[in-house]
Ligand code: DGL
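Listed next as structure tokens is one chain, alone, in the form predicted on its own.
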């Protein structure tokens, strides 16, 4: 059975996990959310890289066949370092600026500070001619969404979103996708995120036997080993939640309306 690790700073990656499961229902997924350090969007780059490398080490010990970085911030900051360090394919998460550029003329990109300032995002935008992009860094929205969905904290989206007239909005953080319908109503336009595109990229990598800069594995692991002591379904497909926040992430995944058809 194919085993794929999905990593995010917290609950945001659950939106990507859902897209991957819809496209690849026979795969076993391991979800690791680093909720204790969420959000990553304003943290120092070296700290983000260190936390992400630690997560990839966890996946390596599980013997995964690949990993999805379900976090735009981590992808923007250190995807190259992760690919160089891992002996399995590592799929990054990019804001969906290209699909937005194909359908729209004036697009707002909502992102965390680290993603907004990244060269990767600017390079993506530069390749999309004929469309005007406005990038807005939101330092607190990801954390507010994390708090609202895991701790019941009050969230008022309008306190975080800039005003303006656009014909498209790109969600450059996976946390934002929980409220894509509300954001679409706020701006009265189409909303784009990279979840489905990331799932399609994962499917392509697995089908073609390719990788995103993977190296030959350096260690031998037992592919049937499960390092989660509460896991009793070692041979089953579906999702196994890992880490200190596994119960929180599992609860959000099982109870949020976004995932009820998964």
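Bear in mind the structure is a predicted one, so any value in this text is a computation, not a measurement. Positions refer to the first chain, counted from 1.
Absent from the display: the form predicted in complex with D-glutamic acid. The rest refers to it.
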Seminar exercise, completed: With a 4.5 Å heavy atom cut-off to D-glutamic acid in the predicted complex, the contacting stretch among 185 to 193, 80 to 88, 117 to 125, 166 to 174 is 166 to 174
Exercise. Wondering, does residue 30 line up within 4.5 Å of D-glutamic acid in the predicted complex on heavy atoms?
Worked result: no
For this session: Give a yes/no on whether residue 59 approaches D-glutamic acid to within 4.5 Å in the predicted complex, heavy atoms considered.
Result: no
Exercise. Given that the partner is absent here, does residue 39 sit within 4.5 Å of D-glutamic acid in the predicted complex, heavy atoms only?
Worked result: yes
Exercise. What are the residues of 118 to 154, in order along the chain, with a heavy atom within 4.5 Å of D-glutamic acid in the predicted complex?
Worked result: 142
